[in-house]
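The chain below stands alone and is given in structure tokens; this is the form predicted alone.
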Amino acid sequence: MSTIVRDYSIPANDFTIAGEASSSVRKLLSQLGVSPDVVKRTSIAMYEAEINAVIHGNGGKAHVEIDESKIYICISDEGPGIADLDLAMQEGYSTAPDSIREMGFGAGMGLSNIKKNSDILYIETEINKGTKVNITVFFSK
């Protein structure tokens, strides 16, 4: 299989289309015959990163590469960055405003869910510059 590359735009603060990129990738992986477990893990990790870009990152971009052994996803934004990455990785920690929480988002499970569902997670973040969440999910362990 040759490498499949897809790029998506993630709009800021638009919850009507939030999750469309991860949904599109889920459908593509299913069409390619990827195992349901890998499709589920990839979808969860990408969705959480996508929602974080919508809520915290002023929107952003998703870059996806699928080859014969793995799915690589990079969600990048130009938001405020993450001040304390160790703290942000803790389950339940959130900086989402009440208005976001009232919509059912911002429970502080995003980064921890990404970590649980990815095989490799590397986060690059810089205050006032933005964040890149690099996710890799292998087809087999």
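Keep in mind the model is a prediction, meaning the values are calculated, not measured. The first residue of the shown sequence is 1; numbering continues from there.
The form predicted in complex with a small molecule exists for this protein as well; it is not shown, and the discussion that follows is about that form.
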item: Option touching the small molecule, based on a heavy atom within 4.5 Å in the model of the complex, out of Ile44, Met109, Val38, Leu28; value: Met109
item: Contact at Ser9, Gly19 and Val64 by the small molecule in the model of the complex, all three, heavy atom at most 4.5 Å; value: no
item: Proximity of Gly57 to the small molecule in the model of the complex, heavy atoms at 4.5 Å; value: yes
item: Interface membership of Ile82, the small molecule in the model of the complex, 4.5 Å heavy atom rule; value: yes
item: Touches the small molecule in the model of the complex: Thr131 (any heavy atom, 4.5 Å); value: yes
item: 4.5 Å heavy atom contact, Tyr72 to the small molecule in the model of the complex; value: no
